[in-house]
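Starting off, we have a lone chain in the form predicted on its own, written out as structure tokens.
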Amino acid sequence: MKMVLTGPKRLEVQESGDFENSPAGYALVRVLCCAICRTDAKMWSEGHRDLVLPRVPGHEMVVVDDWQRRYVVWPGDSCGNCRFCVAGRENLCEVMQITGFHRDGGFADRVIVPQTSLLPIPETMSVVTACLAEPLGCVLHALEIGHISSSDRVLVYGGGTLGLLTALAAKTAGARPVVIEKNPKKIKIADGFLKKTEIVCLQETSENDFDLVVNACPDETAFQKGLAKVDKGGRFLFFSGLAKNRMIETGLIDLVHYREITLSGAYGLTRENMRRAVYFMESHQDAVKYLIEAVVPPERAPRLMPRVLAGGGFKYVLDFTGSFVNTE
């Protein structure tokens, strides 16, 4: 079985069919679970700059090989030779190929991936929560760029999966995070995670002068509010892309100048970020499991896309084995 994106808002169930022999350096593996990313939902709704249809989406997956060894998959396929790869910034590879974008991804019972992208997971790790290793790796990459330190007061805009993982990683680094989420219903469904981690999540705050502010949502208003709350000499981490064709108040952008704010972008993750995410996840899976809203059969994916796109909840995980539905 595979879920194939054939056109705008058309995600169809098809038979996987026969696979040809994997090219040298690649492996055919069986998908256990694959989480739905908001990027998958955006591709479903409006396409993507790198997307050629038909395409099987999905890049937040856990797979197993012929020897029953379990892996998460770094979704990139970098050249290893360009100036960015040589500098250790393979996420910016000039000829990057991304699983689920440039080639078929994990919304299928089988997938072909680069062998070097297979990162083993511990036997003690839940297969379902391991699907979040990829977004968590993106978080670790972002905080590395943001130079997180144990003395930082951190403000995160966006109480979705990425925002809450950012707060958890910041707290684990010794920082003091606060999450802003304007949707009270979302704060309510995050209750289990917030209690487990003792992370503060508010609809708004009057506090200012944060050392590091992170935008983890596509809302341009949150972006602008965040800039206004960065302390002199502080850092603003541009983590989530913004909704298209919106206006930003230039007076707020001037704060970058007057306060000597360091404005940094963060995109994707490296293999090493994802490897670190696996071990971080192993230590925090009792908290991270609360960010899994439901484990569902793959056939439910088309109906879930509007909800994922709207950002109203947390992660939905597609189970291609039938073993994990409603059990984790």
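Remember, predicted model here, so these are calculated numbers, not experimental data. Throughout, we count residues from 1 along the sequence that is shown.
One more form of this protein exists, namely the form predicted together with a further copy of the same chain; it is left out here, but the text below deals with it.
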Open item on the list: For a further copy of the same chain, considered in the predicted bound form: do all three of 101, 109 and 126 come within 4.5 Å of it, counting heavy atoms only?
Closed with: no
Open item on the list: Looking at heavy atoms inside 4.5 Å, which stretch does a further copy of the same chain contact in the predicted bound form, given the options 282-290, 30-38, 55-63, 260-268?
Closed with: 260-268
Open item on the list: in the predicted bound form, is there a heavy atom of a further copy of the same chain that lies within 4.5 Å of any heavy atom of residue 220, even though the partner is absent here?
Closed with: yes
Open item on the list: Quick check on residue 86: any heavy atom within 4.5 Å of a further copy of the same chain in the predicted bound form?
Closed with: no
- [ ] Find out whether any non-hydrogen atom of residue 91 is located within 4.5 angstroms of a further copy of the same chain in the predicted bound form, and reply yes or no.
- [x] yes
Task: Close approach of residue 241 to a further copy of the same chain in the predicted bound form, 4.5 Å, heavy atom - done: yes
- [ ] Would you kindly say which of 184, 174, 80, 233 lies with a heavy atom within 4.5 Å of a further copy of the same chain in the predicted bound form?
- [x] 233
TODO: Could you work out which of 202, 189, 118, 256 is the residue within 4.5 angstroms of a further copy of the same chain in the predicted bound form, going by heavy atoms?
DONE: 256
Task: Partner contacts for 124-143, taking a further copy of the same chain in the predicted bound form and a 4.5 Å heavy atom cut-off - done: 141
